[in-house]
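One chain follows as structure tokens, the form predicted alone.
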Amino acid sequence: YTIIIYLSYPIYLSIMRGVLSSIMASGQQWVLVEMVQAFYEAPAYHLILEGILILWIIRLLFSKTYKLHETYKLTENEKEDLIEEWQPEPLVPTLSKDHPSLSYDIVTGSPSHKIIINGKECINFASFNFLGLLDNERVKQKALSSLKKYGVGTCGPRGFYGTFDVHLELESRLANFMQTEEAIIYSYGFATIASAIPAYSKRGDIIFVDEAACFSIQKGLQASRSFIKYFKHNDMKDLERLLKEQDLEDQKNPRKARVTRKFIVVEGLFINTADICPLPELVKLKYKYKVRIFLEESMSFGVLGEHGRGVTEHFGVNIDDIDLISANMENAVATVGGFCCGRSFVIDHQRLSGQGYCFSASLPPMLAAAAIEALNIMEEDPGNRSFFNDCLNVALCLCDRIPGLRLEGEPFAPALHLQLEKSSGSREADMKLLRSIIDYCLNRNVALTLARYLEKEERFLPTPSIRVVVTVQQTEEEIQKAVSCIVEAASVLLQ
């Protein structure tokens, strides 16, 4: 229509001039005569083109956009045959019967120092019971008395009659233990950092993340809808390169930079690699480029530092230099849930926008009471960690001598990784080979575990590995037995 108007504009202009002049000249003169005259005066190519366009528009208006197909009515027998032949598509892809997810080991009893798997008692090198508090009598008695007082659960989020006095006591105790202004607890460890990240970082903000970040951090990033920039694992030069690039972009658009928040998200002790983050260097970059640091300490809380406060105490970094610290209580504390701690104004924001806090039923009071008693034990017996470090040193020295397997992890990491020195080239084949080593050890009363990942969901899929977890309850003889069993399995299965 725009083309027609553009091309016909001179014609209509001459027509209107003729009409106006005819009206002004004589009221009795026929307007139609002047219009016809105007058409005669118009160029011939205008009239031809205009006629073609008008015919094309008429064709579009009256032509059908689709053709009706002839319908065929099925007989009743034909309908029944089609119904019998129809097979619905599966909701999920079919899995083979030997898929690891369908063949799992069954635990009966408490998964403490000794664990019963498939009816066989084994030494537990698989559970994250770092400080041995899972089966502690004091912790169990506290949980039992709380169970009798409060019942099994809460049946409501914190904002809807789900806040119990024991919750407030636990938050106060965690804040005091970590030497921060305030703490907040969640009823599920995975949801802690996954809820904390999107509570602060929104669409348009920028997050710099280590490539080896755990899956709960990845889910928090996804929920935030922020712009994510990954840097190489523990590579501070690569991180500074990204920060410099962002700083140059901010200088080009200072108005946008003023409203864009920037965060660095790392783990204190990485669960997928068993190594520690370079926290002092991260703090320097924080102040140099004006970003905030979120530190996930699920693997380091209760383990690193003189008093078990984690990576900040391990490096002697002022905890106020970290904007937010999160950790779950499912490892060292041996209960359920997680917590975040930091300055009051930072923590209080989560009480309004932390999804796991606002919409999930609060932590059962008996588990909160168990966590409080676990903190009491951790504060009363700090020497327990020195014994724990001795166990780690023994395990590290022995595991480093296994032929065909490579040890990955820091000397102070409670969960180490054993990887194949030479990969077969197939991830599935490597996983089966490592699983055969685990089964070999399981038949000899040593319980290990294969590090599992959601392969289609992980941003950077870690290398297949056997995870070896060291706790304070394991003796040097038991560690030697486990390592001897792994060496024997490797010599038999890795030929």
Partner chain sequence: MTESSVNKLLNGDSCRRTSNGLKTSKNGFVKNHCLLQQPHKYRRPRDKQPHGSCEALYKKPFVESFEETPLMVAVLTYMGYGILTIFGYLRDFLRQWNIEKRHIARERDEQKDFVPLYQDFENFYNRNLYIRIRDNWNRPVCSVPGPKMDLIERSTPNYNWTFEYTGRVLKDVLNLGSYNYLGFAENKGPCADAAIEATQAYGVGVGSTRCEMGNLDIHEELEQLVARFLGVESSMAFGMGFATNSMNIPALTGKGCLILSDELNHASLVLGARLSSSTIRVFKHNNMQSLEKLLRDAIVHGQPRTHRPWKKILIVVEGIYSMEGSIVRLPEIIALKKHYKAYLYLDEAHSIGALGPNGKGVVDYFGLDPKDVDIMMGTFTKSFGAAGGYIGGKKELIDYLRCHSHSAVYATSMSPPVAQQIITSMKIIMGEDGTTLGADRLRQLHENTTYFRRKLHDMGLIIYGNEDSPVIPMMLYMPAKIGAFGRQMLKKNIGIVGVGFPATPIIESRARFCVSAAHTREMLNTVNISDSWQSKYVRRLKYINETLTYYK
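Owing to the predicted nature of the structure, the values given are computational and were not obtained by experimental measurement. Numbering follows the first chain given and starts at 1. Take the two forms, find the largest set of C-alpha atoms that superpose within 1.5 Å, and that set is the rigid core.
Not pictured, yet referred to below: the form predicted in complex with its partner chain.
Comment: 154-162 is the region of 154-162, 303-311, 235-243, 404-412 lying near its partner chain in the model of the complex, near meaning a non-hydrogen atom within 4.5 Å.
In summary, among the residues Ala274, Ala212, Ile115, Ala395, the only one with a non-hydrogen atom within 4.5 Å of its partner chain in the model of the complex is Ile115. Interface residue among Asp105, Glu373, Glu281, Asp247, judged by heavy atoms within 4.5 Å of its partner chain in the model of the complex: Asp105. The shortest heavy atom separation between Pro111 and its partner chain in the model of the complex is within 4.5 Å. Mapping the unseen interface onto this chain, Arg173 falls outside it, with no heavy atom inside 4.5 Å of its partner chain in the model of the complex. Among residues of the shown chain, Phe263 is one whose heavy atoms approach its partner chain to within 4.5 Å in the model of the complex.
Its partner chain in the model of the complex comes within 4.5 Å of a heavy atom belonging to Gly356. With contact defined as any non-hydrogen atom lying within 4.5 angstroms of its partner chain in the model of the complex, the contacting residues in 292-328 are Arg292, Asn318, Asp320, Asp321, Asp323, given in sequence order. With a cut-off of 2 Å and the rigid core superposed, Glu137 has a Cα displacement that falls short of the cut-off between the shown form and the other one. A displacement of less than 2 angstroms separates the C-alpha positions of Pro254 between the shown form and the other one, with the rigid core held in common.
Relative to the superposed rigid core, Gly425 undergoes a CA displacement smaller than 2 Å between the shown form and the other one.
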